[in-house]
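The form predicted on its own is given below as one chain in structure tokens.
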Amino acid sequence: MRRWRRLLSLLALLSIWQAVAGYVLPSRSPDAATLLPPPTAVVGAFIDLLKNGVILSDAAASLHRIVIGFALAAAAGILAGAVMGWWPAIGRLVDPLVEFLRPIPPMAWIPLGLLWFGIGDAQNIFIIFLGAVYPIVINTYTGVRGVERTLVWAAQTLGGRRWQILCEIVLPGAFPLILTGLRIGLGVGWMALVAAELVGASSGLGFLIEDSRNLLFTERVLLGMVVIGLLGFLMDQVMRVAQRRLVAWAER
């Protein structure tokens, strides 16, 4: 029933979109096809770009950047959050810097990224990293600090060494929050990717959206948005499955 409800909600959205774009707007504006193309026009654009391979190459370029940027953010964010949470002195030293940099939007770094790395993958990966790393750091830090102190004390009483306790008790105990931070970071990473590709890339879904906007191909703009939404949804579903299997004990 849940799957049918989701399908029905999607069909309802498409029906409303088709009605507004196909019947309501054309009766009020001569530029209705440019302002909001119907879903059928987006499907036609998808078929055209699929035939010439543009949509596949742009999607592959964006996936390549998001995977690398997110992997770097995950590694750095988990490491930094674990160190900050496990060693309070380091946490007190680094936390003000994190809280100072975290509110700065990744898009604000794009001019510097272009100066440092130029137009290309490196600049886009840098922006994705900045967007994804802070939610991972904060959630890892919170998870490590929230582990039951009695478990740590019990391990110390039994002769556990500091690194052993961190790896075998603290990080597994913080894993549910770490996975939540990874999911949030992935979503922010997608938003940062699109912003970076709009101004600093010659390929990718963000570039497709900006190039189509300049040419008034609104159906291709919407197609790029739909593909981003689908890819982000699928990646989040994979992480949800991993979360249910790896931390089933936390849900119970």
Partner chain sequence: MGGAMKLLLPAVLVAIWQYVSAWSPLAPGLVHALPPPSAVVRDAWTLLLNGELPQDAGISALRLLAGFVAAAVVAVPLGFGVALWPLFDDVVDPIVEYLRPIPPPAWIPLGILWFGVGDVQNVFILALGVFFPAILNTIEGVRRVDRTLIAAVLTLGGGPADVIREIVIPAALPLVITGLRIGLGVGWGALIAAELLAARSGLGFMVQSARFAFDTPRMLTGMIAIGLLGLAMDVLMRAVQRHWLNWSLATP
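Computed from a prediction, not measured in an experiment: that's the story for all the values here. Positions refer to the first chain, counted from 1.
The next section is about a form of this same protein that is not shown, the form predicted in complex with its partner chain.
At the 4.5 Å threshold, heavy atoms of residue 48 stay clear of its partner chain in the predicted bound form, well away from it.
Using a 4.5 angstroms threshold between heavy atoms, residue 68 stays clear of its partner chain in the predicted bound form. Interface residue remark: residue 195 is counted as part of the site for its partner chain in the predicted bound form, having a heavy atom within 4.5 Å. Shown alone here, residue 43 lies farther than 4.5 Å from its partner chain in the predicted bound form, counting heavy atoms only.
In terms of contact with its partner chain in the predicted bound form, the residue from 221, 186, 55, 61 that brings a heavy atom within 4.5 Å is 221. Taking its partner chain as it sits in the predicted bound form, the stretch 61 to 90 never comes within 4.5 angstroms of it through any non-hydrogen atom.
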